[in-house]
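Only one chain is given next, in structure tokens, and it is the form predicted on its own.
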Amino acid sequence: MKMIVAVVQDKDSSHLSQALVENGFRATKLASTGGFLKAGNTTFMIGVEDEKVDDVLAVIKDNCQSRKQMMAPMSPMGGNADSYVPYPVDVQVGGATVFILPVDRFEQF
């Protein structure tokens, strides 16, 4: 058995949640915040048998698309202003960051 931990952008969260249910996968959703953009994310915890891992990954890939987004940089509070870029920049956001962990034991009460 494996535990799939998928961190997705909030924009993709509802689509992924619905697709997981439609494909028979149960997941726990956790609100989370990204460190780089300080934006909302959703972390999904999905427990599946080893042979279903690729199926879950396909659902995640189909529903979590990366996109470009304009980001206004934060000012360097007390930091080095030499590398500060004062205008918005395009950054790649979305998609999913997925971790697949082995599960030694699973209990449901």
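So that there is no doubt, residue numbering starts at 1 and follows the sequence shown. From a predicted model like this one, the values you see are computed outputs, not experimental measurements.
The next section is about a form of this same protein that is not shown, the form predicted together with a further copy of the same chain.
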Open item on the list: Contact with a further copy of the same chain in the model of the complex for E51, defined as at least one heavy atom pair within 4.5 Å: yes or no?
Closed with: no
- [ ] Answer yes if any heavy atom of Q18 is within 4.5 Å of a heavy atom of a further copy of the same chain in the model of the complex; otherwise answer no.
- [x] no
Open item on the list: Against a further copy of the same chain in the model of the complex, would T97 count as a contact residue? Criterion: heavy atoms within 4.5 Å.
Closed with: yes
Open item on the list: Can you list, in sequence order, the residues from 1 to 27 that come within 4.5 Å of a further copy of the same chain in the model of the complex, counting heavy atoms only?
Closed with: M1, K2, M3, V5, V7, R26, A27
